[in-house]
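The chain below stands alone, shown as structure tokens; this is the form predicted alone.
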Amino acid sequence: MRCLLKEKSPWKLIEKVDANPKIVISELEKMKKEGLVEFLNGEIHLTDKGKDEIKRLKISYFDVRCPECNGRGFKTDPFGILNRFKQIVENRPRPTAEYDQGYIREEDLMQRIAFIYERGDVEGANIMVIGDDDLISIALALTGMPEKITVLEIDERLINFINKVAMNLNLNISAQKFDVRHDVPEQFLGKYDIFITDPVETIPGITLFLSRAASTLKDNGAGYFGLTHIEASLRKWQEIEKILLDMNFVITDIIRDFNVYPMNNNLDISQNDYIVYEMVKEFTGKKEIDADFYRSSLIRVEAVGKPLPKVRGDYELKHEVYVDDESIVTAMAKKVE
């Protein structure tokens, strides 16, 4: 109700509320039945009864986020490489639903690197990146600080792009093909100081990604990954935290809504590929996505001693790696309805 004092778009409401869109729409349905809101031209409006309820509950709206850093607390271009990075990746491969891809804004990527740097995980580090839709390997290499960066990636378009950039600019990056359903090649096991990955959010999928990533770490190594509230309920968060503890990790940092996936960066994945789009259109009449609603929290974990991957050896899963009953934004979900 606080958000409704300012926001009228259902997509902006989904962006602001930490819940699966199914829950947001269910709550809006209840509010509509109670006469608190109404839908006009695809927008959500408080009724007079709704405004009275807000007064009764003493709800107010203040914008408390820093406008300069979008609430992250980090400069947008602390290393002076943003413009160069933008030029390098201008002709990057576009996201594809086949691999559940999507990438964040270049400015947000710089802030992610700033956070990793602040935690002491960049200078002289051997860095493993598993899945590099964001091309963070290139951005990290441009800082000149990591010792070595390895990218394990399933999409040959990205592999070729990263390796070509690395060769042309003499960057210390090596990318090769990898499928998380198989073991990490032996030459990469236990050799890296940190991992960076953005796993799918099913329990089997995230267990696979984190296990493969953990297997590459040295003792007491650290890792970075994103996790949403849109496709991961609190119950799923709880299960993931248990998995991390079982793997000998402790969570050191969580920054809410750190990673923003803008729709205009990911237009090759049509909005019609998302189950959530059909739900919102059917419920409110809204015919276009007008907010960067898909956001994830940035999580840092650190091993207490030796990392203990939960999965070893081949793990033959198909759609269940990508999709579960909370997957309504993942484009793969539409393909397996």
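All figures in this text were calculated on a predicted structure; none of them were measured in a lab. Residue indices: 1-based, along the sequence shown.
Keep in mind that the form predicted together with another copy of the chain is missing from the display, and what follows is about it.
Of the candidate stretches 77-85, 150-158, 184-192, 203-211, only 77-85 has residues whose heavy atoms lie within 4.5 Å of another copy of the chain in the predicted complex. Another copy of the chain is not drawn, but in the predicted complex it has a heavy atom within 4.5 Å of Ile251. Taking non-hydrogen atoms only, Leu169 never approaches another copy of the chain to within 4.5 angstroms in the predicted complex. Taking the partner from elsewhere, Arg72 is found to have a heavy atom lying within 4.5 Å of another copy of the chain in the predicted complex. When another copy of the chain is considered in the predicted complex, Val129 lies well away from it, no heavy atom lying within 4.5 Å.
This chain is displayed alone, yet in the predicted complex one of Asp290, Asp52, Glu68, Glu38 has a heavy atom within 4.5 Å of another copy of the chain; that residue is Glu68.
Think of it this way: in the predicted complex, another copy of the chain has a heavy atom of just one of Met145, Val89, Val165, Val260 within 4.5 Å, and the residue is Met145. Residues from 220-244 that approach another copy of the chain in the predicted complex with a non-hydrogen atom closer than or equal to 4.5 Å are Leu234, Arg235, Trp237, Gln238, Glu241, Lys242, in the order they occur in the chain.
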